[in-house]
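Read the single chain below, which is given as structure tokens and is the form predicted alone.
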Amino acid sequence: MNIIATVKQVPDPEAPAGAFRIGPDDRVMVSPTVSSVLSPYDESAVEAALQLRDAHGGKVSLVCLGTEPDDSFLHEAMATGADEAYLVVDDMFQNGDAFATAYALSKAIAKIGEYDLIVCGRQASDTDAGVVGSVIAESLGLPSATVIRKIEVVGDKLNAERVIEDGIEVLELPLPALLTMTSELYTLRYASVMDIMSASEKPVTIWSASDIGADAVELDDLANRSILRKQFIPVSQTQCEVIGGDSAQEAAANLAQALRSRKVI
């Protein structure tokens, strides 16, 4: 089966908070010392795709919306086993919201044309919006399910399993379909040295907005529905008061009185 996995390059979520700062326009997060990685939930989506490909044959294609025509990130991602990749880069999509991203990716996927399943991470680790996958499904007219932890293909249908409040829910969907994946069961495999070397030979196709048939007027109508006005780093303050006494009994009484005056007890 032919599977498409959407992927995103994000600042390493394991980097210390002090490595990030807000740009002078209060809208862009600047992290010059933080390396970029594949978004963790996208890793799980890619691994789910690879396991299905290994079990049923076919190919895995990666699709990414980028900010510059640098395909090294996708070659690194393909080292784990994906067969090909597509990178969309165009000024039209710069600083777009989740709807603009979904618009660009859906146009690219429609151009690819042949697929049985699309898998996305449940959300990106930098914005945590969790919007793109569902909007792609709506744009392409596909059945979809979100927050899926396990996939099983049975004939021309698939069973998608997810955790709900009181147990496990199993959904049956016809193919083609779109799923957004969690990270409970799928951990992206490590790439061997040979895999890394061979990945450099795998094809990465770079498309502009015109290549995928994107239209600026259509983009304005369908996307950019949210406006980022300001980002800020929260400031937290901690106050500490030491309550004592000449004896343990007096300290306990003073503590109880302090808590009572603050209406804690």
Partner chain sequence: MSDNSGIMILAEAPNGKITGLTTELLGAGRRIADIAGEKVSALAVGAGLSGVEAELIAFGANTVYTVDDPSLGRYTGDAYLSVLEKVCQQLTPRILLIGHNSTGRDLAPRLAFRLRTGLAPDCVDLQIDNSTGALVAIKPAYGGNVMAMLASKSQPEVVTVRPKTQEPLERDAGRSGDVVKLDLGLGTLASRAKVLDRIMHTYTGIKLEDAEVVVSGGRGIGGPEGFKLLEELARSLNGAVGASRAAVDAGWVPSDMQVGITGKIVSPRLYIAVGISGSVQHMAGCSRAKTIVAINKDSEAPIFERAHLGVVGDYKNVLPQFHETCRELLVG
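Numbering follows the first chain given and starts at 1. Worth saying up front: this structure is predicted, and the values here are computed from it rather than measured.
Keep in mind the form predicted in complex with its partner chain is missing from the figure; the text below concerns it.
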Within 4.5 Å of its partner chain in the predicted complex, do we find a heavy atom from each of 135, 163 and 168?
yes
Of 173, 188, 92, 153, which one comes within 4.5 Å of its partner chain in the predicted complex, counting heavy atoms only?
173
Out of 197, 216, 228, 55, which one falls within 4.5 Å of its partner chain in the predicted complex, going by heavy atoms?
228
Spell out, yes or no, whether the shortest heavy atom distance between residue 123 and its partner chain in the predicted complex is within 4.5 Å.
yes
Residue contact check: residue 131 to its partner chain in the predicted complex, 4.5 Å heavy atom:
yes
4.5 Å heavy atom contact, residue 80 to its partner chain in the predicted complex:
no
Non-hydrogen atom contact residue 108 with its partner chain in the predicted complex at 4.5 angstroms
no
Answer range among 200-208, 45-53, 65-73, 220-228 for contact with its partner chain, defined in the predicted complex as heavy atoms within 4.5 Å
220-228
Any residue of 139-160 with a heavy atom within 4.5 Å of its partner chain in the predicted complex counts; write them all down in order.
139, 141, 142, 143, 144, 145, 146, 147, 159
